[in-house]
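This document opens with one chain alone, in structure tokens, the form predicted alone.
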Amino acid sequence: MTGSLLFQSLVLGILLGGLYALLAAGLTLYFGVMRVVMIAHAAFLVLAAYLAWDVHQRFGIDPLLSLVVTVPLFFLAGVGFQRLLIARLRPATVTMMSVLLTFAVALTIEGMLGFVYSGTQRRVQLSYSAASIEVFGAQVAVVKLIAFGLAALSLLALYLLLTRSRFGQALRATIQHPQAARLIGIDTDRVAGYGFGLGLATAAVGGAALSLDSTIYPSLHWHWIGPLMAIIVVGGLGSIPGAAIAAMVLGIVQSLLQLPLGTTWAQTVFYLALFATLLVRPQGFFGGRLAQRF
């Protein structure tokens, strides 16, 4: 194992961690606002990737341009999903029942994709798909850089929205103390709907990024949901910066472990980190005070 190979794995780990961070931020937003465990988040991610692939196949449009349609579409779908399904769950059992509800939604999306597109693996072929550039001696695929840039810009936009806007203040107040937020006049139901839509919009962005660099198939979401769940537990449920930090760290470790262990075994790092966190610090390493500040 050479130093250049290790450096290349480190760079790839950072790029992968960026995509994990974006998707985990959306996932932890659901739990932070409504205590909802959104098993279907990765299924919506794959759905967005299929839409990007379909638009490219039919009209020759770059998957990145599909974001103009999919982001607002997924936002509205998220608001509708929260109003029509999540809001009807009993508050006392919302976390447990949301697991069952969103699990069923994930299976429905998988079945629908299999029916429409069959189980055949799909991949977007672009003029720059095989292009790569050299970064300090490491060869990095252009599509991975684009996916990372897209994730980084989306996280920055999400951060600015949450910290510099009145909606962000209302959302953070709802995350920290819903009852107190209602007492000062915040419509927490509306905020919860918009927060859910925001979380689903991150899946639309992630799906476009995923379609650039990955082969997609209907059951691909099961490959993603386990690591994403592990990331938000390690980072601290409800903590967006915690999820981002945990995503970057675990993404890098996974990439480095692929050298000696291979792709399949390297992914076990997420589950080992999950078990260790539950044993040592069940609230997550960045839960509690950091989550409350954000």
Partner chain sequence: MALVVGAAAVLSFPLWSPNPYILSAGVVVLSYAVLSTSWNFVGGFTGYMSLGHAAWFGLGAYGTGLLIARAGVPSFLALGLAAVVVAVLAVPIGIAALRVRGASFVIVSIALVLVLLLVFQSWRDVTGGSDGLTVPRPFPDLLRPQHHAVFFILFAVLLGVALLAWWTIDRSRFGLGLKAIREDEDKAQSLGVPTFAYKLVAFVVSATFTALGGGLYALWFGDLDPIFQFSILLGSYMVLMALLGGVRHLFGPALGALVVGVAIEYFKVSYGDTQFHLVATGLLLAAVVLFMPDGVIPAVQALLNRFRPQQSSIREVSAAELREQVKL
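Owing to the predicted nature of the structure, the values given are computational and were not obtained by experimental measurement. Residue numbers count along the first chain shown, from 1.
A second form of this protein, the form predicted together with its partner chain, is not displayed here; the remarks below concern that form.
**Q** Considering non-hydrogen atoms and a 4.5 Å limit, does its partner chain approach Q267 in the predicted bound form?
**A** Yes - in the predicted bound form, heavy atoms of Q267 and its partner chain come within 4.5 Å of each other.
**Q** Given that the partner is absent here, does R90 sit within 4.5 Å of its partner chain in the predicted bound form, heavy atoms only?
**A** R90 belongs to the contact set for its partner chain.
**Q** Is the gap between L250 and its partner chain in the predicted bound form 4.5 Å or less for some heavy atom pair?
**A** It does not: once its partner chain is placed as it appears in the predicted bound form, L250 has no heavy atom within 4.5 Å of it.
**Q** Considering only heavy atoms, tell me if F103 and its partner chain come within 4.5 Å of each other in the predicted bound form.
**A** Within the cut-off, so yes.
**Q** From the candidate stretches 106-114, 187-195, 72-80, 166-174, select the single one in contact with its partner chain in the predicted bound form, where contact means a heavy atom within 4.5 Å.
**A** Careful reading of the contacts points to 106-114.
**Q** Going by heavy atom distances of 4.5 angstroms or less, which of A181, M97, L155, I146 would be at the interface with its partner chain in the predicted bound form?
**A** Looking at A181, M97, L155, I146 one by one, just M97 meets the 4.5 Å heavy-atom criterion.
**Q** Exactly one of L51, L64, L257, M229 has a non-hydrogen atom within 4.5 Å of its partner chain in the predicted bound form; which residue is it?
**A** Exactly one listed residue reaches within 4.5 Å, namely M229.
**Q** Counting only non-hydrogen atoms and a 4.5 Å threshold, tell me whether I14, A21 and F285 all contact its partner chain in the predicted bound form.
**A** No residue of the spot touches its partner chain in the predicted bound form.
**Q** At a 4.5 angstroms cut-off on non-hydrogen atoms, which residues of 259-279 are near its partner chain in the predicted bound form? List them in order.
**A** Result: T264, W265, Q267, T268, Y271, L274, F275, L278, L279.
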